[in-house]
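First, one chain by itself: the form predicted alone, in structure tokens.
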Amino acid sequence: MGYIDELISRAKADKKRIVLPEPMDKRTFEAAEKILKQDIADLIIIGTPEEIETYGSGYDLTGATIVDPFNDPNKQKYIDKFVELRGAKGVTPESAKEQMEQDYMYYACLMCKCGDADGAVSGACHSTGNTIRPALQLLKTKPGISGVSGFFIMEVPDCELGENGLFVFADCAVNPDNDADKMAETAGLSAESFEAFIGKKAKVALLSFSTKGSAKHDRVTMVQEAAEKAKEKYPQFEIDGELQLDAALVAEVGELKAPDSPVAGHANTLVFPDLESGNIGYKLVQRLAKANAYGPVLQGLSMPVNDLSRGCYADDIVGTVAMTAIQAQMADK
């Protein structure tokens, strides 16, 4: 059984209500049919009757809840909540209604905020920014967390490194600009995500082109500062840096380059120093090692909202819904 099958089994064990707000794409309905047949989640699809008919025709949506954003009896409740949350920013009932009708992701986040859904998945038709922005405005981040980052669960075949080939890679999706505080926070959130999804102890490496001062540069200093901040803020996790990739993963190299490190040579959670290296890194592993890349999964929000690649397949949506459901399960604990 592959790792995605384990995720689906976990999602099915405690079903959650997940919203899909992109009815203008056939992939939504292809995925919905699979999710419903496998009983992975209780699906809510936002869309007008015309959109459902145009793009969902031919798919079996038995069991899904269809919410028409123009004729939903709960709509006024969501408008009131929108104004309550964003009135100080100039949102009026009229502008709230207009925004919800034009961008269903706002509608989805309001459903979550009002307790009518447990999470949302978007991004097949929308940019990452257009997925995250409504979530940040309406759901906010977790207490004590300043921002959102994105991780992938990497499943590398025939690999003894990491947790028998399972890794968390972050941030590969969200923040183009990084600093020590953001990197430290990403390290803590990624450790939490690894332990929640993989069920093993996280060993977090903050990556650099330097190991323990072997090179001098402002970017090295940033990672060193991030490591110290992360250790101080998240003492419950094993976090270390700065480490080169081979020192982080390979026991012999880790012993040679960082003999006193609790992480070197045994890392299973890799935190990249910037979005460029993170995005390149996960795609290299995915393509060259023929690894499965599950994500991006967003971390740091008060409720689970996840982003899809615009080049995703229906099966990617299925997997992301399962992961979103697991995040919702964790939030209940």
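Please read these numbers as outputs of a predicted model, since none were measured by experiment. For every residue, the number given is its place in the sequence shown, counted from 1.
What comes next is about the form predicted in complex with a small molecule, which is not displayed.
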Can you work out whether the small molecule is within 4.5 angstroms of a heavy atom in all three of Ile46, Thr65 and Met111 in the model of the complex? no
The listed residue (Gln99, Gln224, Gln137, Ser210) that reaches within 4.5 Å of the small molecule in the model of the complex by any heavy atom is Gln137
Identify, from the list Phe82, Phe152, Phe194, Tyr107, the residue with a heavy atom within 4.5 Å of the small molecule in the model of the complex. Phe152
Answer for Ser146 alone: is it within 4.5 Å of the small molecule in the model of the complex, judged on heavy atom distances? yes
Would Pro176 count as a contact of the small molecule in the model of the complex, using a 4.5 angstroms cut-off between non-hydrogen atoms? yes
At the 4.5 Å heavy atom threshold, is Val285 in contact with the small molecule in the model of the complex? no
How about Ala184 - does it come within 4.5 Å of the small molecule in the model of the complex, if we only consider non-hydrogen atoms? no
To test your reading of this chain, name the stretch in 82-90, 155-163, 202-210, 253-261 whose heavy atoms come within 4.5 Å of the small molecule in the model of the complex. 82-90
